[in-house]
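Taking the form predicted alone, here's one chain by itself in structure tokens.
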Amino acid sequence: MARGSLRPAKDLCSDCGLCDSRWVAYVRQACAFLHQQFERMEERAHGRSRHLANEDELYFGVFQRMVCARRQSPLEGAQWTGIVSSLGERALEQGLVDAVLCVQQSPSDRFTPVPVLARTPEQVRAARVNKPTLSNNLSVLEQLPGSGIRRLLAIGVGCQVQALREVQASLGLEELYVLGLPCVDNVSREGLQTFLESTSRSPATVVHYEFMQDFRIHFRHSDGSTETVPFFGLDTPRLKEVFAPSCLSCFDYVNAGADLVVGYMGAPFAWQWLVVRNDRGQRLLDLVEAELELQAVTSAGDRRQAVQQGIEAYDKALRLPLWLAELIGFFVQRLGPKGLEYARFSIDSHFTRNALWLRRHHPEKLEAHLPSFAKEIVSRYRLPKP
């Protein structure tokens, strides 16, 4: 059977790339959508699993340190200030690793991902800006044998990291560092086009976008202009099923297996949220910490009512008129959850939605597929009847 022709997870496959490599034989035990193995993964990567009685670890996983950061001198062309790109560049420049697994883009399409094993800082910088589509990052593991790469920094999202951790011991590496991105709601390239066309005023010129802490989607266009759209103004009926089934059945928003996580959702607007999970993660952060402006994490507001209302609105596929969406967004931005409470809002919203999706589409998987921390979070809310 040819590599890549086997997809044991079937419709839940996230195209992480392991099936496209010589490690395909490990897929049935490594795939995040066949087996949820958070405790095993956390114990291997961090020396222990998360403490569910600790509210922060319940939500955010094992960690040593959380901080908000931004580069003092933003990296030109980066999606935000360029912390992730800088980490990859410095890891190569300072000899911590021989290569960085990152994602460049197709010359013909800015949103088509092209995973690479970058050997130079220039190749890492060419990977800046997120590509919010399914990406077979682990396929490039095929290039490791005979490459001379003994120390690797892998940048990836949760499903990729879960599979990578399961095959880590068989890769023949002396050192593996994992830089994780919080990830939710990826799409196929066709699904992305549907999202852009239904949401942006100029889908053909969007360079990148992000769902941000101010409850708005921020688009940047090729002419340098920006556009924002309130979350509450999305065309929910059209977009309800556009996200990949893998993402609708995922409970690893915060990338629990990474050494260091860099994302936006637990930080104030225009800052990034950094979660150091272990000593290796701190070693990565040491590469760039002197270049960063730091501040402590904060938390404000109460997410619970907004989450409960959002469950019902999503389930009914409501679409609000733009004037009402703007009005709701105005008040939620000023009075709603902020900092870590916003991160909990986002996790609660997606975990409840995904549990409901699984219950309706794969009821046979529901009990085994929800990790213990997700079960606890979901239990705090009322889900619509099947």
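Only a predicted model underlies this, so the values are computations on that prediction, with no experimental measurement involved. Residue numbers here begin at 1 and follow the sequence given.
Only in words, not in the display: the form predicted in complex with flavin-adenine dinucleotide, which the text now covers.
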Inset, instruction - Examine Trp80 and determine whether its closest non-hydrogen atom to flavin-adenine dinucleotide in the model of the complex is within 4.5 angstroms. - result: yes
Legend entry - flavin-adenine dinucleotide contact in the model of the complex: Glu210, any heavy atom under 4.5 Å: yes
Legend entry - Heavy atom of Gly257 within 4.5 Å of flavin-adenine dinucleotide in the model of the complex: no
Inset, instruction - Considering only heavy atoms, tell me if Arg216 and flavin-adenine dinucleotide come within 4.5 Å of each other in the model of the complex. - result: no
Legend entry - Ser49, Phe63 and Leu285 each touching flavin-adenine dinucleotide in the model of the complex (heavy atom, 4.5 Å): no
Legend entry - Contact residue in the model of the complex, chosen from Gly310, Gly191, Pro132, Gly233 - any heavy atom within 4.5 Å of flavin-adenine dinucleotide: Pro132
Inset, instruction - Could you tell me which one of Met265, Leu141, Val206, Val276 places a heavy atom within 4.5 Å of flavin-adenine dinucleotide in the model of the complex? - result: Met265
Legend entry - Candidate stretches 218-226, 167-175, 97-105, 296-304, one within 4.5 Å of flavin-adenine dinucleotide in the model of the complex by heavy atom: 97-105
Inset, instruction - Determine the residues of 126-160 with a heavy atom within 4.5 Å of flavin-adenine dinucleotide in the model of the complex and present them in sequence order; the list may be empty. - result: Ala127, Arg128, Val129, Asn130, Lys131, Pro132, Thr133, Ser135, Asn137, Ile155, Gly156, Val157, Gln160
